[in-house]
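Single chain ahead, written as structure tokens, the form predicted alone.
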Amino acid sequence: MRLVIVGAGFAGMYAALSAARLRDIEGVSPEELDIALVSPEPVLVIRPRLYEPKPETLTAPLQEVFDAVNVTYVQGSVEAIDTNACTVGIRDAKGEQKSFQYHRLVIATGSRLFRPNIPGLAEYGFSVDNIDDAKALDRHLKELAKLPASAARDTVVVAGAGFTGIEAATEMPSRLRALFGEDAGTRVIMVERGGAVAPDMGEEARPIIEAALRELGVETRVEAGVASLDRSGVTLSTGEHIEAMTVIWAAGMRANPLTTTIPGERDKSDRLLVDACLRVPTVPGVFATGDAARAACDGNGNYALMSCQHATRMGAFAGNNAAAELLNVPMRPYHQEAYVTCLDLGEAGALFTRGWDRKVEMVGETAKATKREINTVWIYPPMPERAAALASADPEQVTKL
């Protein structure tokens, strides 16, 4: 039997570890149940940190972890899925194509930044969506430091005032000072189509975020969208033109397009709708997890967000359940009642909230210490030691807050 997991992000990694954990508990050998994970590289990109400097350092190796728990790593990109034949079509590192059979499949392909067809966005926009984009932005900023000071060089516009936009914008003042000098006349401007920054954070948290933006000198433009980009800068829907050589797009996510090849129902973000055990109801043998799935967290109408916090736990449940179905043992319904946010605010500290109503628990340096621990310890893979790696993937314990 073979369980195939597509994707080596947070959800894919924990799906593999959790499936291996159940296989071990049930006393089944790797020869009897092959757990194979397919991805372009055996690394975990620490995506929540890509707004930081030095993005080239923000990966963690996975090969030794997989070896420790007898997970087969398959290098390549899945380009097609045939749910009738139960095969995935893979293009390997040499560009050669091959077909891979599965008995159960876990779609853990993550998400991508949604880039609308705005004039100039593809040519002049940057992002921190993936490691290549983050590296490109970092190189760009370093190249700007070689140019003479100007309004355009010294201005960064961040489009989108959600979590990613806020973290990118609040990190930028210190990044620019480090590159351009302490006396540079830098500006960071955040643009938001809605009527307020941090539209999902609620009334208790928003004043804290707004105060941090003021402290850092980050300007905001609300009820304004990006109409176009060109070499000279960005034009907003209000008609304002901002001279800027750096525009960072951080507005909206979509599930990886591979989800559209699965004959299942999807939401407006192209996430596959799944049942309580993270199965795609209309496609036998197929599970979806992480940013590729729309899953209920509880019985109160709360659904998993496109976040590392939800992806890790969802991945553990999906891997466990896909293996359980093959081994004819009971599956575990996914649930994730606890929910927290820890929003980095650059030199202004951080903000920690708990619950779906986002009650503020910590601010400033206290919250910053928690954010630092999350970013440098909690979200990294377990050590490549068999017992510890398997124990880390207990679905009921992953991201238990």
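From 1 onward, residues are counted along the sequence shown. Please read these numbers as outputs of a predicted model, since none were measured by experiment.
Just so it is clear, the following notes concern the form predicted in complex with a small molecule, a form of the same protein that is not shown.
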{"item": "Partner proximity in the model of the complex: residue 3 to the small molecule, non-hydrogen atom cutoff 4.5 Å", "value": "no"}
{"item": "Partner proximity in the model of the complex: residue 11 to the small molecule, non-hydrogen atom cutoff 4.5 Å", "value": "yes"}
{"item": "Residue 51 within 4.5 Å of the small molecule in the model of the complex, heavy atoms", "value": "yes"}
{"item": "4.5 Å heavy atom contact, residue 256 to the small molecule in the model of the complex", "value": "yes"}
{"item": "Option touching the small molecule, based on a heavy atom within 4.5 Å in the model of the complex, out of 77, 235, 87, 269", "value": "77"}
{"item": "Heavy atom within 4.5 Å of the small molecule in the model of the complex - residue from 58, 36, 363, 342", "value": "342"}
{"item": "Listed range touching the small molecule, judged in the model of the complex by heavy atoms within 4.5 Å, from 64 to 72, 25 to 33, 345 to 353, 42 to 50", "value": "42 to 50"}
